[in-house]
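This document starts with one chain, in the form predicted on its own, laid out as structure tokens.
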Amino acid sequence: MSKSVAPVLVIHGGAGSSRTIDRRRLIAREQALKGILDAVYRALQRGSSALKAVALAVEMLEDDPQFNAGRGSKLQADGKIRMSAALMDGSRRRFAGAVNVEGVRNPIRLSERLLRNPPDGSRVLAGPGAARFARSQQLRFRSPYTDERKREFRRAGKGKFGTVGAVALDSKGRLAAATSTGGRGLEYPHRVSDTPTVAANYANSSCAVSATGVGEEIVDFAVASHLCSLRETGIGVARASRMLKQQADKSRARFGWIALDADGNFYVATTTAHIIWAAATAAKLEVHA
């Protein structure tokens, strides 16, 4: 019989230029993160798989308009919202993603269906094809436009934070990663972000990573897959993260990440001014909003 391990859950709400000074919003964000940790970590303690846990955590982040994913997504330069998400099962080393999909309530659930039931073996779909598959799976659709994002668009503002994600280790020692984004705001229409790639979302049997920040720079450094490759060579997630951060700082690259290994060690890093994150382990719960 395999030995049971203590579950770990780490989530993030984006890396950005500065921390909000609006205390009301800060408190609301802290409460949201605590609520997600409480619900998802309890599910992990009851035996939920890491894959189900990260999908649930990201779904909850997508449903909260405070975060730039799902309901809180930003508008592209043509005034349209196109969302992307990815999910990876580390135990099977299987990746799935949705790219620039419109109107799907939870892009992470679309990624989950693509992982579980890929049409003709296709685990990454984009645009109308992704939406068509979502309808065939009877997933829910909802307008993601909020008054705040519309005002931001009219002011030609890109916002301070982007992308949400989660990594988890379950009681059977399995790892998974999930990431979802509403884009950087005002980008060229149909731009493909880093989120639906292994540069931003990756997991294997030893490591799980979700990245956030400037997508093109995340891709340049292959952040998530690079960190997990380092972990497979025996380098710990903390050391690997410090190595990557040093390289990124030299290039003035702007991104952050959460990384978790199969021993339950996790590390959070960013080259930006701030990253929103929270974690739950058997020993403690911590929130950094």
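Note that residue numbering begins at 1 and tracks the sequence as displayed. None of the values given here were measured: they were computed from a predicted structure.
What comes next is about the form predicted together with a further copy of the same chain, which does not appear here.
Student: Any chance 88, 129 and 192 all have a heavy atom within 4.5 Å of a further copy of the same chain in the predicted bound form?
Tutor: Affirmative, all three are within 4.5 Å.
Student: For the chain shown here without its partner, which stretch in 145 to 153, 105 to 113, 163 to 171, 211 to 219 has non-hydrogen atoms within 4.5 angstroms of a further copy of the same chain in the predicted bound form?
Tutor: Of the options given, it is 211 to 219.
Student: Which one of 30, 38, 232, 263 is close to a further copy of the same chain in the predicted bound form, taking close to mean a heavy atom within 4.5 Å?
Tutor: Looking at the other structure, the residue within range turns out to be 232.
Student: Sort through 52, 226, 245, 34 and report the residue having a heavy atom within 4.5 Å of a further copy of the same chain in the predicted bound form.
Tutor: If I apply the 4.5 Å criterion carefully, the residue I get is 226.
Student: Using a 4.5 Å heavy atom cut-off, state whether residue 176 contacts a further copy of the same chain in the predicted bound form.
Tutor: No.
Student: Just to confirm, residue 75 within 4.5 Å of a further copy of the same chain in the predicted bound form by heavy atoms?
Tutor: No, residue 75 sits far enough from a further copy of the same chain in the predicted bound form that none of its heavy atoms falls within 4.5 Å.
Student: Just to confirm, residue 93 within 4.5 Å of a further copy of the same chain in the predicted bound form by heavy atoms?
Tutor: Although a further copy of the same chain is absent here, residue 93 would touch it in the predicted bound form, with heavy atoms inside 4.5 Å.
Student: Does any heavy atom of residue 139 come within 4.5 Å of a heavy atom of a further copy of the same chain in the predicted bound form?
Tutor: Answer no; every heavy atom of residue 139 is more than 4.5 Å from a further copy of the same chain in the predicted bound form.
Student: Which of the residues spanning 184 to 209 lie within 4.5 Å of a further copy of the same chain in the predicted bound form, based on heavy atoms?
Tutor: The stretch 184 to 209, when checked against a further copy of the same chain in the predicted bound form, contributes 184, 186, 187, 188, 189, 190, 191, 192, 197, 198, 199, 202 at the 4.5 Å heavy-atom cut-off.
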